[in-house]
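Same protein, same chain, two forms; see structure 1 and structure 2 below, as structure tokens.
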Structure 1
Amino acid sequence: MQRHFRPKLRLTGIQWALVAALLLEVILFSIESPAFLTWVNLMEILRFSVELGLLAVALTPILITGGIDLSVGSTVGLVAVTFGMAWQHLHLPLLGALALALLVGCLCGAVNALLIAYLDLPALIITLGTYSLYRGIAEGITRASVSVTGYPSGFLLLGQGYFWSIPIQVFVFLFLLVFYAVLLHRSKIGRALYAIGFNAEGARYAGLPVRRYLALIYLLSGAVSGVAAIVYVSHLGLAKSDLGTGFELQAITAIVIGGTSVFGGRGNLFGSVLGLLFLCVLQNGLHLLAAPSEATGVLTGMLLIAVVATDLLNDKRPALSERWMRWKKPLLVAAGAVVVVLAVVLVGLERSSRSEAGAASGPRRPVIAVMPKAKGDPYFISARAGAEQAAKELGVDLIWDGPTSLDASMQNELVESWITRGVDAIVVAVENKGSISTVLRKARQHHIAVLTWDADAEPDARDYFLNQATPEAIANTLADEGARLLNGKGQFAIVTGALSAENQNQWIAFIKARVAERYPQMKLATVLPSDDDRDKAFSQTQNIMKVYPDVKLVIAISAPAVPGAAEAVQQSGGRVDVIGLSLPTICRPYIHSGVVQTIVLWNTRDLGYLTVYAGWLTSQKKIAPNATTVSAGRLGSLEIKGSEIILGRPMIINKGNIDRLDF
């Protein structure tokens, strides 16, 4: 009976495929990038996988019972803001806030547990409901805009410190991983969970306490999400209502790719961990190779299918099965290899096409890495054109990469990988100053020139801030324009981007202040979010016109929102003016038709140009310590104020000048 004492960890086909793919990822990335296979980088990968890993670990048993919990990402958000608010606004001691926050996490889990396990409601819908509910409460209590920063360094250690040069949160993760592994794979409860996943009714007939166990894992999932939230807050150094957005889907991806079935009964924790590592290593490697972040998505998708399909070959050829059994592992490895080679060739192509221009021209060209807030945003797209122009003029390599949508932690991750890669200058459009400053300071310690643009980090975390136009200046310009159109009195409404977008919230605050100060007869009727979606801005504006008939002006402060709002006004034929902050190209038709009076913008082209130019100047130490001006290529001489390089006032774009602008 020897064999029963062997641990029961049998890798399934898909897990072999994952192991193979993971190994190949490691091998190929370390060939391609010397920075990859270093202790520091590997630890960085671990650090960034912890929050997601915690959720994946908590979700695995739930998927094994055939359930699902979509609310974990939202729970992270809610717990994070509870923690932040309790500490800063209720002035609770840190430990008290921590306890309260974890309690809230448990409560979130308990609500799910009650509804799903004891009232027998379907998990998918319930957690879809609480997904919305928890995030909504987080946004509600913070008005979506509070972001709590400034934690004591002792607390930040949890997310940023090291112990034996291993990130501290990795120990938290390991602890919970072991806990869950025992729970799921060794204990009575785990056995029951598998039985429930295969056949809940059958488990009940066998006298297993089905409800109690289901309740337990949903409750635990809330609690673990709470822990993940605390770790995340400490990691980023900030608490905000949109933390953890989309985590649920990423965690589920890691789990299902690890071989756990969403229909229950099949899968194990090891698979989830493998899946998680596979995804995180892929992401990290591609960042190091400076592949564009879209490539990560495309590759992840293709690899997902390839890995799963490799596993399925297994039972597709029963005739070959004998031979297949013998050759299974090598074949899987080979299949994995093909896939990864494909990936690397793709990336290689991309890289070579990029660096072809100057590959031969001398020893080593400086590398300037520029990060927009969100790659898909039209502002940043037009800024990129300017940046490329500057790179060409200067003969430097440009890495232009950023999150595909607003995502503070992704920004951190990218900066980390740039540090590891060893670029010459990092120029970041900061999404959240509290969270990124730590890693920017680290970049400076590595003698990398650090600049910020669009929005600033902590002053000591960067060399220069490229100040295109302060939020205040923009808000004032908008408010003044609005007042001009309304003759200083009447109602107006604001259509913003996402409710929790920091930039927009600053602008709104300054607009309110300006109006209160200068135009007391103007009244802000409402602020509605458009989630940076043209169609949603369209609907919101339609609603504004119906609900607030007195509103005569809509200020849309997100690039896609202006055409959305304008189209709504145009289609209704109403007499509402639209102004806002957007790009000339997408607003041109509406400016011509007179629906949009004015858009306010800094010159994004010039700004993009300046990012690279200033980055290059700083990295070459060409700016004297106390210079008051700097000459920036085609932009001529620019003023330096303290550590800010001033680009100029915001542009006011209207019928008169729009046809001269091409961005």
Structure 2
Amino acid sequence: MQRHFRPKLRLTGIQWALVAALLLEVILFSIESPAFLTWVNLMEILRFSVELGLLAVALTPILITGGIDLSVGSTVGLVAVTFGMAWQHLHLPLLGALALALLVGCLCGAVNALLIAYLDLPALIITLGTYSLYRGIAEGITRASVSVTGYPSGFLLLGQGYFWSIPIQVFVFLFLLVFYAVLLHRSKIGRALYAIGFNAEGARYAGLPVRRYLALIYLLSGAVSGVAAIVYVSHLGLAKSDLGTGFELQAITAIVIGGTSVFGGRGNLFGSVLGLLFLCVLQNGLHLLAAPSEATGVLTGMLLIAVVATDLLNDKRPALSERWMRWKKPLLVAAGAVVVVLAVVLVGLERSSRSEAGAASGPRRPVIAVMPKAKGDPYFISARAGAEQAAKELGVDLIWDGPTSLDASMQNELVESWITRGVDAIVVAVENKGSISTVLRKARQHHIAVLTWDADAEPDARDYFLNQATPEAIANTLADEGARLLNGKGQFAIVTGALSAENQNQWIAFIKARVAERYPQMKLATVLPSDDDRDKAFSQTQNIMKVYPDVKLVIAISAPAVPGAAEAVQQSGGRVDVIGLSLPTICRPYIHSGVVQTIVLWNTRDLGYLTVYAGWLTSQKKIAPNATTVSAGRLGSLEIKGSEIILGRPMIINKGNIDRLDF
């Protein structure tokens, strides 16, 4: 039995293999990017690893006992919104709000501890349930739309400040890492946890207080999740119900890659930290080299499968030949090496698709980094075509990257990597201005041109906002078209994107104002989110037609929401009109069938073209101070209002003109 216990801090074979893969990773990224192996970038890697690292440290003893806690990410979200709401809405002093938030984290851990340790319920099922419970409570408190920003600068120092050039939150991580190292590797509790993981029933027969120790580590997991939430809020400057989404799976991935057995009884904190560093270095290096964000998930999945397969084979050691045991470590090193080499290959392919042959041998080309809200959204896919056209005309390198779904924290992380890389301009479609404005100000301090598009940040955080059309003009066009269809009276509903989207909330506010002023007999029944997902828009529209049978018009103000709402109406056979903001290419069949009467939009390719062109003009200081117009390539002369560059007025698209539009 003793050979399975590893309570001491020593590296196992898997972990030595991971060290070798990590060193290879560092070497290759250093060769590919001069900005990688710098003090500033190394500190940013540490900064972005802290919140995830705290969860990985807290989950390590749980996995060693053969348990699991899937609720830690949801606990982060619940603690974050508790802190934000307590401070901003209950007007508690900052320390009082912190104490209340941390208490909530402890209560979350206590619920898991009670159900798992004392009622002997399965950890997987219980924490899967509390995963949904805690996230649901957080969304209920904030109605999934309220985000809290505007924290005092002293509090933000915890997540954004430095002490001796080291991010302050790193010291929080080190303190808790030492605490857990002593608990797990230098105490009788730690030895008992390994015994529980190897054989829980045997540990009970040996007289160990199994329930008490299990309750302790689940309680601590909730408390540490609370600390991670506070650090995360101070890092982003934002408290929102979806913070921490997916953290539980990332933390477990880091732990398992680090050599902790998914079956319990084996692993240590060194391995978890190594796994964490491997993942964070991989992600940082890929960002610096402008590889697609989703490549991290693909490569991590490959390594995780290799490690788990090795773990399974290791447990079947008696049945294995000596040849496998001799080649196990080299094969693990090779698996890590393959992951890193594939990362570099992906970067090379991405670069070759962006740059013309031989461009690298000429003078340095300006680099314009453009970020959509969500890469998979058809609206932003269409805009990318225009951005690539402008990049080709100007002879600049385009980095087009962003979250695969609406994720404010991912936007911050990408901007940080672009600052480290030293791009010439950053152009961001903002998901949450309270979150991203701080890091955009940092980019400006590094003399990088900063612009926003589609949705704006705080005015002092950017040079220009590329406004596709004023929010009031968009809203008035939609409201007037809706009033025409309803003859100025009746109920209507709105299907938006995310409830927290700044630009869409502006449109909704102006729609309400326009209706109240000009069409008092029109009544707004409800506003429901689609999260920029076509299937969710479909189900939300079905709900509207069932719950609000008097609704005769749905205004969908997200590109995927319009075809989603139209499909729901078409399948129901109901007489509900659909209008909104979307792309002609994905709405054409519904407009021709009469389900969608009108869509309102601007030319998305022109907007994408403007992101690169205006970014280049700003980075090269080709826009004069106080200018009222600017010449933007094939777009001609565009109006500048203050610090906004106006693309133009929204256009109404219907059966009469949709076949002439190809975006």
Partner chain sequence: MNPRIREAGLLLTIVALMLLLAWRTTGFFSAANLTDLFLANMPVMMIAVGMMMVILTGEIDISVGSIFAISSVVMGKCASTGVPIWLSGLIACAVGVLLGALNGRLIAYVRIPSIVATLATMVALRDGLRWYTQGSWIQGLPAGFQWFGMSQSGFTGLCVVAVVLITGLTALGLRNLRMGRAIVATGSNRMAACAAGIDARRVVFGVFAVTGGLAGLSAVLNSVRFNQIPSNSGLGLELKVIAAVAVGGAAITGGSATMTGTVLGVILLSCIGSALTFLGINAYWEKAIQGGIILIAVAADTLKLQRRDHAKTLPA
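Just so it is clear, the model here is predicted, and its values are computed rather than measured. The first residue in the sequence of structure 1 is number 1, and each one after it adds one. Take the two forms, superpose them, and find the largest set of C-alpha atoms that agree within 1.5 Å; that set is the rigid core.
The form predicted alone appears here as structure 2. Both residue 156 and residue 464 are assigned to a single rigid part for the movement between structure 1 and structure 2, based on which superposition fits each C-alpha better. With both rigid parts superposed separately on C-alpha atoms, the smaller turns by 7° against the larger between structure 1 and structure 2. When the rigid core is fitted, residue 473 shows a C-alpha shift of 4.3 Å between structure 1 and structure 2.
Per-residue C-alpha deviation between structure 1 and structure 2, core superposed: residue 296, 2.4 Å.
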